[in-house]
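In C-alpha cells, one chain follows: the form predicted on its own.
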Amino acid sequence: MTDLAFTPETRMLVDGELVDADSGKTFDNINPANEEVLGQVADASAVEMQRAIAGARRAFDTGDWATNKALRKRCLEQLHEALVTEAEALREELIAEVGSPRTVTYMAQLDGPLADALLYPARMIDEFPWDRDMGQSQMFGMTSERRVWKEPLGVVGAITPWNYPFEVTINKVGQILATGNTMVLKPAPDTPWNATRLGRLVAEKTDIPPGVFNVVTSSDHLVGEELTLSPDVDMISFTGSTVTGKRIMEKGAATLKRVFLELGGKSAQIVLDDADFPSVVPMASIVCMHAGQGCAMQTRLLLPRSRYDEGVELITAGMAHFPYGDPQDPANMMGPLISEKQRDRVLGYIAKGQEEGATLVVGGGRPEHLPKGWWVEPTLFTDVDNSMTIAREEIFGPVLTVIPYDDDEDAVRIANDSGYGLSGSVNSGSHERAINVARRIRTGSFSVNGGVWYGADMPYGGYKTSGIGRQNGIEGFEQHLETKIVAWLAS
C-alpha cells in the first residue's frame, strides 16, 4: 500500500450509519498512474443496497425532508462548508484514485463544482416558483382558484462514473437534495473514496436526517442495478456510457422510472477558413487533458480543405508537445487511463483506425518512459473519413481525429452526422458566421469562439444518444420534481 497524504473513508453511509459490508468484504482502490494499491473500501452486496433504498424510502415518506425547505437549505450550506474545509485532502484523493492531473483539479475536477454545485441549488430553494397562481376559472357556474404545485419525486438512485467523479456526484447531490428528494449514491468502483468521504461529511458535519443520503460502494455493477429494478426508487440519475444508459432505461421500464441520462459524445470542433489558425488549431490538443476521459471532449477536428495542410501541421505540433506524465506534477495536463481495461480499449481503437486507413501522425502506443500505470500516448489521426470507427464511436482516450470538409454546409453536415449530440464548438473570424453554424449543430452544449458554458446554473445534457434530461440549471432542478395541479372554490 501507498503512504497517503490524506485519510480515506473506507465505510459506506447506509440509513444514517457509517458501516462496513455485512460480509466484511472489501475491494482494492488502485492508483492508475502506478498500479499500486492505495487501500480498500467496503464491498457491498444487494443486502446493503436494499437497506439503503429502504432507508431513503422511509426518510422520504415519514420525515419532513420533502417539505422543510429551510432544513434543506441549511444542510446544503453545511455540506458545502465541510467540503471546503477538506478540499485539499479531497484534491490529493482525486489525484491518487482518479489519476487526475493536479492542474485539472483546479478546474472541473474539483474547484469548479465545489464553488457552486451545492450553493446554486440551495439558493434555488428560495427562488424557485414552487406554487404558481394560474388565476380563476369559470366552469359549471362555479369560480375556482387554480394552482400549480411543484413537489419532490421521492427516492432517486444516483449512479456516477469514474472520470470526473466528484464533479458529477456533487452536481447530482445538490439538485436531488435541494428539491426535497432522498437518494442512494452508487459510485464507480474505480473511484470510491471521494463518495465515501462525502458520506462521512454528511453524517458528521450536517443535519441531514438519517436515510436522506446514502452511499453504497461495491465492486459488483449489478449491485447498482438494484436501484434500477427496485419499485421503491422513483428516478435514476445516471452519468456514463450510452450502452449502460440504454440498459437502465430497459430495466427501469418495468416500474416506469423517470430517468436522467448524461451519456457519451463524439463532439466536433469546427474551424472555419477565416479563423486565426495559429491560435485556435493547436488548442484542439486539449482533447488529451485528463487522458481524454471526458464525455464532452471534442474528439473530431474539422478543418477546411483550403487550409487543411496548414491546420494539420499546427495540430501535429500541439499533440506532439502535449504535457503528460506524473499527475502530481503541476506541469502535466494528462495522466493515465483509469484502468488496464480502459487502456486496452483505447489501444484497440487506435489499431482499428490504422486498419481502416487513417494516417497515424502522433503517438499511438504506450509510452516507454512510463512502464507502470495505464498510459497511452497523445494520439493524432489525419485523413480521417467520418464513416470510420474512430470518427463514430466514443474512444474515451487521448485520441484526436482530423477530418477535412469543403464548406460551411459540409462542416455542419459532418458534425451532425453522428449518433451522439453532446457538445462541440466553432471558431471563426466572424461572430455572425459562427453563430449561424452554432444554431445548426444538434448538440446540447456548444462553444462559439472559445466561450465557456460551464456552471451549476447551466442545464447540461445531450441530444440523440447523448442522453435524456439536463443536469443543473432550472431545467435540471425541475426534472427532479413532480407537477400537481390543484383547485378550490373561490370564497
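This structure is a prediction, so every number in the text was calculated from the model and none was measured. Throughout, we count residues from 1 along the sequence that is shown.
The next section is about a form of this same protein that is not shown, the form predicted in complex with nicotinamide-adenine-dinucleotide.
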In the predicted complex, M388 touching nicotinamide-adenine-dinucleotide (heavy atom, 4.5 Å): no
nicotinamide-adenine-dinucleotide contact at I248 in the predicted complex, heavy atom, 4.5 Å: yes
Contact label in the predicted complex: I159 to nicotinamide-adenine-dinucleotide, heavy atom within 4.5 Å: yes
Close approach of Q342 to nicotinamide-adenine-dinucleotide in the predicted complex, 4.5 Å, heavy atom: yes
4.5 Å heavy atom contact with nicotinamide-adenine-dinucleotide in the predicted complex for all of N163, K186 and E225: yes
nicotinamide-adenine-dinucleotide: the contacting residue among T382, T244, N194, Q298 in the predicted complex [heavy atom, 4.5 Å]: T244
Heavy atom within 4.5 Å of nicotinamide-adenine-dinucleotide in the predicted complex - the one residue of F277, W375, F396, Y405 that qualifies: F396
Answer range among 320-328, 119-127, 261-269, 170-178 for contact with nicotinamide-adenine-dinucleotide, defined in the predicted complex as heavy atoms within 4.5 Å: 261-269
Interface residues of 229-246 toward nicotinamide-adenine-dinucleotide, as seen in the predicted complex [heavy atoms, 4.5 Å]: F238, T239, G240, S241, T244
